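Presented below, as structure tokens, is a lone chain in the form predicted alone.
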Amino acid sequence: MKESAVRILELEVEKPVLGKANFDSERLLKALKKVLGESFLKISLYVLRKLPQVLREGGHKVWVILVKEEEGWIVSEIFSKKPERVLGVAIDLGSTSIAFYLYNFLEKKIIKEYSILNPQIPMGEDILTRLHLAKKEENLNYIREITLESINRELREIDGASIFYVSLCGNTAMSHFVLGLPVNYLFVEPYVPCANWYGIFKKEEVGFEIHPEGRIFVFPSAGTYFGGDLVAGLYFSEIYKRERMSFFIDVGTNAEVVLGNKDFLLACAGAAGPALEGGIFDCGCQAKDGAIESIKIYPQVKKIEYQTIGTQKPVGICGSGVIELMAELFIKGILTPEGKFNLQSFPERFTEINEEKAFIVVPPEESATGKPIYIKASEVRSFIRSKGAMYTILSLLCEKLGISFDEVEGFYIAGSFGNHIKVEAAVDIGMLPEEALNKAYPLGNAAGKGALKFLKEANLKEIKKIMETITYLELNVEPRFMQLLTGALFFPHVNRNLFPTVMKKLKNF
């Protein structure tokens, strides 16, 4: 039976009788055990202090709220009538943004989901900068304080007193920051986190402004580069329940990939993320209003068409736009298989920027900034290495398990990258194998949805099983990675037999 992190029960409690042992707490527990059959039940001191009055106010008919602990349940609130609001909040603590999912336990539905910017950004755009700063205890405390301040501002706005559970996921660094754990050994060899299983906390331990007897579950980290956000994503994807092999792919700061089924999960992370998020480009941007997410090039008629998020004037190119741009440039003959510009293919769009050849995607008069949106030769070279890394990771994991891409049941792609990516374009450039064309499934923000799933199904046993079945493959010490990467540093690949559909496109163009 699936059990949410919070239970709401209406109970009829025996009335005290003269001559019997008449403890209010024991009669409440007896009524609870009659309904639940639970042996691990306890009553909080907060509830004990109000129990006698509330029992009698309700004529010994009461509503109780129980919250999940690592062992059993605790009675965290009691009412003489049905409560109006019993809420939970799932939080995906990302390095750039913090996503919130507000859940109503009474109605068993999501009320709202939204995100805010992570207040840590001024401390460093990248996590490594923040980690170096946090070596000093006062800086670690400051990072924790501003993070708590931002989260608590949202919790107060939601109504903290009605929030009985928070489930939070983040990468290993973010989890350390919000819990105030030392990070001094996290970014130096051999890269040792403070803890992997964080567990369930009381509000005062973490510092969240929620109900006095509310609880906070922080998703565990499976490794330095495999944090709670990945574990939450796997929890949502449920590839760990399947008979056949599936890929779970999450592209963020890094590209994290897991291949596995119900028996085991083989995981690794690579540096493909920044390129595929648009982070290595002068004109790259996150998926936001004005970001180019789709593009078509018609060199014969000297025309480029594009679509932006929110249909706003373009401000830059996000990850999905970058992938489609690269595919269009390659398929239309503007980029060679080696990733070099063919200057004769569309000469009107080529220029020099900082003494480097660049292709103009959007002229200055069409952009929101009044500046051109372009891609440079060096950026193409960086991208081809990142897309090659992604394909190589997928190939290496299959090779390690002795299977082919044909034997993979599905490619589950997480994050905004997964929501917007056009699989055909990713295959055209050799970032994903052709076998993904009919097997790719976008998951959206799998991390946030995994945290939300915990509110609905607080299955600690399943999460521990995920942790136990993960084997992490360290690419830095894997010689086969570099051997396979060499062939992937072409569009789509040095072995063109791997991409017959793409080759057919090239012949037809």
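Numbering starts at 1 and follows the sequence shown. All values derive from a computational prediction rather than experimental measurement.
Below: the form predicted together with another copy of the chain, not depicted.
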I'd like to know whether Glu366 contacts another copy of the chain in the predicted bound form, with contact meaning heavy atoms within 4.5 angstroms.
no
Please check if Met245 has a heavy atom lying within 4.5 Å of any heavy atom of another copy of the chain in the predicted bound form.
no
Close approach of Pro190 to another copy of the chain in the predicted bound form, 4.5 Å, heavy atom:
yes
Could you confirm whether Glu238 comes within 4.5 Å of another copy of the chain in the predicted bound form, counting heavy atoms only?
no
Heavy atoms within 4.5 Å of another copy of the chain in the predicted bound form: which stretch in 426-434, 260-268, 221-229, 78-86 meets that?
221-229
Among Gly124, Pro182, Pro119, Gly333, which has any heavy atom within 4.5 Å of another copy of the chain in the predicted bound form?
Pro182
Could you tell me which one of Ile146, Ile353, Ala195, Ile111 places a heavy atom within 4.5 Å of another copy of the chain in the predicted bound form?
Ala195
Looking in the predicted bound form, the residues of 40-78 with a heavy atom no more than 4.5 Å from another copy of the chain, listed in order, are Phe40, Lys42, Leu45, Leu48, Arg49, Leu51, Pro52, Gln53, Arg56, Glu70, Glu71
